[in-house]
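Just so you know, structure 1 and structure 2 below are the same protein chain in two forms, each on its own as structure tokens.
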Structure 1
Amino acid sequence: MNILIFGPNGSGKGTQGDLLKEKFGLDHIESGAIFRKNISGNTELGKKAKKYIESGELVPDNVTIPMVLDVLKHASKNGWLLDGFPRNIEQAKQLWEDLLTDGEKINYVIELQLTRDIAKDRIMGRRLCVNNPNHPNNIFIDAIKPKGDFCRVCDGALSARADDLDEDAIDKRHNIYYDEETGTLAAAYFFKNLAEEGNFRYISLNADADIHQIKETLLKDIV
């Protein structure tokens, strides 16, 4: 089973992705982790990516796309859940073309929908567990409030990412995500328009719903 998941920062995408990973034994492939692995491993693509990251620039598609496609080709036989890629319409088109070339298919595309204002509040309240950053902890959401400075799931120590508290940084990330012309939403809609032709399901969910309700809906819709 292969799944693409879309959602703005703050939508609970990591939490729901972790759920699907555990339920179906999938490789949870996150674009950020791919960058870190290539950079720490000093690969040729990692060296190129590092130069752009250190200069504060976005890593170009001709570096990002080969990294992601290589990981997909070596994923678990159970399949993969791809999170954080594609980020723009060109990456979406290239991903689809390469999947077709390799005889791979997509089974589900999930879009977690959330307004910018709510997403921003959620990001600023997000706290990351040292044991598992996908454990849901948010000081502004009653249902998943942490135990003070400790994870509500495993009692691990919590911290906040510096860029999660930087409103300008959040706005910059969201400008890319909510762009329906060339950004991440454009990539999501590219797959939405392909769903019937590509023989996969496109599932849209309200990410402002209770986290457990979203979980139940996902497990019901994905078989």
Structure 2
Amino acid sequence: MNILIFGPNGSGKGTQGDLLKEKFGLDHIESGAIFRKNISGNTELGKKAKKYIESGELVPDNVTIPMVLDVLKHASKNGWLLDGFPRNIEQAKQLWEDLLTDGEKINYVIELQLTRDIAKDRIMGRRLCVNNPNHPNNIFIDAIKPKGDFCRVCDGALSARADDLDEDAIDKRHNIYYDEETGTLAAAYFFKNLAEEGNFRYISLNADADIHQIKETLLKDIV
């Protein structure tokens, strides 16, 4: 099973992606994570990508596209969940062409929909627990609201990540995501059109719904 997942930063894409990965034993392929690993390993690829990532820009297509397509070719036989790629229309077209050439298919494309304002609030509302960074706390999401100033899971002290409060950085990322002409939404709609031609299913979900409800819908729809 091969799945593409789209969603703006702040939409809970990571959480929902983990769920699908677990359920179907998929390789979770995250372009951002591949870059980060290469940067910490100081590889040639990492050196090329570093300045773009640090300034919040997309790494150029001539670096990103071959890197991701190569990882896909070596993915598990169970299939993959691709997250963070494609981020623009060119990446979308090349991905589709490459899959056709290899006789590979996509089973589902998921789009987590969230308005830009809510996505931004959600990022700025994230709080990190000193005891465990995986304890979910967000002052703007009812289901995971902290207990006052403390972690809802363990009462640990909370803090906010500096980059989660950097409005310019958030806006820059969202400018790329919400661009329907050539950006990430354009890439999503490229696949939506292919789905309408009957190639696979395109599932749009309201990411502002309750987290558990989104999970249930996903698990029900994807078989």
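These numbers come from a predicted model, not from an experiment. We call the rigid core whatever largest set of C-alpha positions still superposes within 1.5 Å between the two forms. Numbers given to residues start at 1 and step along the sequence of structure 1.
Novice: Given the two isolated forms of this chain, which one is the form predicted in complex with adenosine monophosphate (AMP)?
Specialist: That would be structure 2.
Novice: Once the core is aligned, does N137 move its Cα by at least 2 Å between structure 1 and structure 2?
Specialist: N137: C-alpha displaced by 2 Å or more between structure 1 and structure 2.
Novice: Would you say K48 moves its Cα by 2 Å or more between structure 1 and structure 2, aligning on the core?
Specialist: Yes, because once the rigid core is superposed, the C-alpha of K48 moves 2 Å or more between structure 1 and structure 2.
Novice: Comparing between structure 1 and structure 2 on the rigid core, is the C-alpha shift at K147 2 Å or larger?
Specialist: For K147, whose C-alpha is compared between structure 1 and structure 2 after core superposition, the shift is 2 Å or more.
Novice: With both forms fitted on the core, how large is the C-alpha shift of R127 between structure 1 and structure 2 in Å?
Specialist: For R127, the C-alpha ends up 4.1 Å from its position in the other form.
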